[in-house]
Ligand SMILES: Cc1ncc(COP(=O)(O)O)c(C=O)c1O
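The data below hold one chain only, encoded as structure tokens and taken in the form predicted on its own.
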């Protein structure tokens, strides 16, 4: 449940939370063409709030707009400034920020070249996506019967609203089956990603993750973890991963802005490694949280102070 805050940024204007409504004939509501991002801001050990990798997220937002042929009215810099201002105006020293670009009301039907393209930013308080216990002890996952879209069916490098129907169905299937999260394969049977996260596995000290041809979103947290792993001297390999390689992994974990670094202790009723959080997973998780919350200032370019 999202707790109501004070204000929302809509079409370059701050307005009351309750007043920021859209019409029922908003085109994106019916047809799903729109771009969005999820961004976290953390209160760091020095008491200041910083948004993590804001520039990379807004660049991806505009990349998605390019892929789906939307032209936002505000500039990237305006949206970045508005993200920080939304946190300030709502009194959030930590929070989740959701910028969106969507097609507004007007004509209906598939092709609506003259409907307005609208931009909004909402922020709210959000703790651990899969729960604090998940971060500490790991989760149980299930390979879904739903496959990730083929690269010629969906735009897998786009964080596009309509594509997430696939993720919702996979997540529901996993939860109804008693699992915490779903793992989707691509149409060729190789591991793709979670319902809203990228996935990594560890085997014999090497960190593996699906490459960008495996119908995955090019995750900002994914890139962060690969960078940190290399700094820690951990070999990183982007490659295709099979289902049985998942089952035989020494360690596994999800990454994402919402999920952060969430260990996976079991997949398809098979314990991953010893069925506990592995040493490389814990090491990278600790490094990640030191970077976003702690006193690790090794990547100042990733932090936008609020």
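Positions refer to the first chain, counted from 1. Just so you know, these numbers come straight off a predicted model, no measurement behind them.
Note that the form predicted in complex with this ligand isn't included here; everything after this is about it.
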Out of the stretches listed (213-221, 173-181, 76-84, 231-239), which one is close to this ligand in the predicted complex, meaning heavy atoms within 4.5 Å?
213-221
With heavy atoms only and a cut-off of 4.5 Å, decide whether residue 255 touches this ligand in the predicted complex.
yes
Residue 159: heavy atom within 4.5 Å of this ligand in the predicted complex?
yes
Using a 4.5 angstroms cut-off on non-hydrogen atoms, would residue 124 count as touching this ligand in the predicted complex?
no
Would residue 57 show up as a contact with this ligand in the predicted complex if we use heavy atoms at 4.5 Å?
yes
What are the residues of 141-177, in order along the chain, with a heavy atom within 4.5 Å of this ligand in the predicted complex?
148, 159, 164
